[in-house]
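Taking the form predicted alone, here's one chain by itself in C-alpha cells.
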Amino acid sequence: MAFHSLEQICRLCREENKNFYQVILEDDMQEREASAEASHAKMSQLWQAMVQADRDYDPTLRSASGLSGCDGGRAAAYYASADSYCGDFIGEVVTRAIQMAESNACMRRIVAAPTAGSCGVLPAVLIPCAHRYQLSDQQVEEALYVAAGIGQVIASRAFIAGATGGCQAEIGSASAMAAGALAYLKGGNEEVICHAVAIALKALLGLVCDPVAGLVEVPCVKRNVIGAVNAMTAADQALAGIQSFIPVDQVIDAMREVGEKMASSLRETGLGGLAATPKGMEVTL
C-alpha cells in the first residue's frame, strides 16, 4: 500500500465515489498485481484463521513461562453465570480478547493484527459482531480491508511496534483499526471511520510497553481487552455523530511524537514500568 495519510484515502473516496473498503481493495490489487478474487481469497484466509484460532482456544493451556493461560476460560465461565457489569455482548468481547492473546502466549496459531501482542483486539470485536448481526464473511472481510488500510497508514506515518513506540503503537493501533472496521460495518462513511480511528487512538496515547520479564504476556494479554472495548466505544461515538477535534492524521503524528519521547525503558525492554516493580522483577526465566 502507498497511502501515507487517511486524508488521502478519504479524498479518493470522494473523488471516485467509492467507499473506504473499495479504495483499499483496489490499492492491494495494484500493489500485488492481483485480481479482486485473489485479493479477497487472501483476506478470507486471514479471517478464517482468526475464526479457527477462536475455536481452538484451550482453557487448560498455560504458557511456557507460566505467566498466562486459563483466564479466557475463567472469563467465559463468569460471563455465562454471573450478573456482570458488562453484560453478555461486551462479556463476549472481553472473553475473546483474553483468549486470543493467551493463544499467542501459548504459541498457538494467531493473526498478527497488526502485531502478535495485539492479536486479540480485531477478532474480539469482529467475531461477536458477526454472530450478533448475522454478518456474511464478505462483510467482515470488507471491514478487514478497512482495518488494513488504517494500520498501513499508522505504520507509514508512525509505528506499530512496541519497541519503537510503546504499547500505544500496538494496542493503540489495533484498537484504532478495530474502531474503523466497526464504524464501517454500521454504515459509517470515510469521515465517520476516521473519527472512530482518532477517538480510539487518542484514548490510548502514551500507553507504555513494559512487559514483565520481556515476554508478551503481562500486562499484554489484558491490554487486548481494553483495546477491544475502547474500539467499540470509539465506533459508537463516531456513529453518533461525535467528532474528534484533532484530525486523525494529526492524532497519528502525535502518537509518533509521544513514542519518540518515551524513555527506552518503556519501549519493550522489560526495564521499566510494571516490569520494574518488585513483583515483576521476581520473574526469572
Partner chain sequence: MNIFEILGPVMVGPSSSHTAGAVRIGYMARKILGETPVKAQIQLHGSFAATGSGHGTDRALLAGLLGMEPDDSRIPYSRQVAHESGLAFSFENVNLRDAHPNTAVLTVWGKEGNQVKVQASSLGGGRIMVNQIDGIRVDFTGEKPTLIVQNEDKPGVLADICYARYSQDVNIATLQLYRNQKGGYAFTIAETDTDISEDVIQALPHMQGILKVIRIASEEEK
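Keep in mind that this is a model prediction, so the values were computed, not measured. Positions refer to the first chain, counted from 1.
Same protein, other form: the form predicted together with the partner chain, not shown, and the subject of what follows.
The stretch among 195 to 203, 107 to 115, 77 to 85, 182 to 190 whose residues place heavy atoms within 4.5 Å of the partner chain in the model of the complex is 107 to 115. The contact residue chosen from 246, 242, 70, 64 relative to the partner chain in the model of the complex is 64, the criterion being a non-hydrogen atom within 4.5 angstroms. Every residue in the set 49, 155 and 285 has a non-hydrogen atom no more than 4.5 Å from the partner chain in the model of the complex.
Looking at residue 128, you'd find every heavy atom of it more than 4.5 angstroms from the partner chain in the model of the complex.
When contacts are judged by a 4.5 Å heavy atom cut-off, residue 215 counts as touching the partner chain in the model of the complex. Put simply, residue 91 is far from the partner chain in the model of the complex: not one heavy atom of it is within 4.5 Å.
For residue 28, a non-hydrogen atom is located within 4.5 Å of the partner chain in the model of the complex, even though that partner is not displayed. Contacts with the partner chain in the model of the complex, taken as any heavy atom within 4.5 Å, map within 157 to 179 to 160, 177.
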